[in-house]
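Only one chain comes next, encoded as structure tokens, the form predicted alone.
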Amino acid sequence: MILRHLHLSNFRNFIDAQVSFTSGVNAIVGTNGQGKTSLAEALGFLSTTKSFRGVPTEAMIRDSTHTAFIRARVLHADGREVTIDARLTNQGRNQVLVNGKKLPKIRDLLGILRTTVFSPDDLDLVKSGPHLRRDYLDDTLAALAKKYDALRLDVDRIVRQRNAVLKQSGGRLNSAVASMLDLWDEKFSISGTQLGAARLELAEKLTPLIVHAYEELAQRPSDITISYSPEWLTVGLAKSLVEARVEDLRRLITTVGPHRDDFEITINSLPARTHASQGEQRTMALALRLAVHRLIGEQVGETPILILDDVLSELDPDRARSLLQHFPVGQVLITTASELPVEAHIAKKVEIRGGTIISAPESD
């Protein structure tokens, strides 16, 4: 998959900008605050329908305006060229067109443009709480097949409904509350188990890829384990919900299920979240992204576009050099505030100043 052309209008600090890219490594160069990350964010939005910065739509629309536009022209491995047009608005629903045809739902965009994004904030994947690691697994599942995005939304909906019943009960169990909990427990047992089983299978596939990516970057063998083993998945979610009902009523929330899971990462038999060095944590965060990048390429038969947002500034010189020497096959877009070393083998350089593309755009 190759991004051929990108056009931004009123997106972040871009008033109107166009830029073309080529296969291989594309360097997006500029000092801080010029728009490098915004360009990467636009592509990430077309891939996932959300900002990898975790901000709402209105934050991506230029100040004093109400609508932003993103257009991308993408060449697929089978030779198909696809044009994606996204309209972001803070006064209604976002809209997306693919080859001029409006998609019924914006989430139907999933899978049309695939990207793998690494940003400095990905350090939180290793350091922070479990919700980001759950999202990591679920986002990967959704990138592999849209049915998993629907499954995740279904699980979220069921948990909200079950929590509403618990809150309305005031902690008191009567026949009406028991009947409603039985109803939602049955639905949760089906969808939750499907999501948990999919996560478990994914974690098993990712583990050797994560270890390989980490060892490539660290340039040495490493003792790494990845473990996703929630107790409820072994016991069975239906049984676990029954056993947790008293506690759920006391706390007025659903205390067991895939919405509370974590997967543990250890380095040298110690939790990476609390015991790994900052350098080890950054290397692990990048390894997590590279593993997904490779898995998606293997599973769907088309390598995603790899977007590295200011990644070299976060790595020590040895790890940065190793990353440049082990870029996966496919298109790479790397943002940087400084010139890249020769090991990057740059195919095209794009300079950004104040939301303006300095390099001359090619014709659309």
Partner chain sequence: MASAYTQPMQALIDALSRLPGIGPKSAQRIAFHLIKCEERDVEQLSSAITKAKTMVKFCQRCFNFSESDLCQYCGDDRRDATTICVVEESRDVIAIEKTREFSGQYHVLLGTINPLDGVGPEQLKIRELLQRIEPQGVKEVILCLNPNTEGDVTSMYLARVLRPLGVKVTRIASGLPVGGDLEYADELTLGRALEGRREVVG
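Residue numbers count along the first chain shown, from 1. Worth saying up front: this structure is predicted, and the values here are computed from it rather than measured.
If you look for the form predicted together with its partner chain, you will not find it shown, but the lines that follow are about it.
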Task: Contact test in the predicted complex: residue 274 vs its partner chain, heavy atoms, 4.5 Å - done: no
- [ ] Please run the contact check for residue 84 against its partner chain in the predicted complex: heavy atoms, 4.5 angstroms, yes or no?
- [x] no
Task: is_contact(residue 174, its partner chain) in the predicted complex, heavy atom dist at most 4.5 Å - done: no
Task: Exercise: residue 145 in contact with its partner chain in the predicted complex, heavy atom 4.5 Å - done: yes
- [ ] Heavy atom within 4.5 Å of its partner chain in the predicted complex: which of 263, 136, 232, 184 fits that? Just give me the one.
- [x] 184
Task: Listed residue (109, 158, 211, 198) with a non-hydrogen atom within 4.5 angstroms of its partner chain in the predicted complex - done: 158
Task: All of 154, 164 and 180 with a heavy atom within 4.5 Å of its partner chain in the predicted complex - done: yes
Task: Segment assignment from 164 to 172, 216 to 224, 265 to 273, 116 to 124: heavy atom within 4.5 Å of its partner chain in the predicted complex - done: 164 to 172
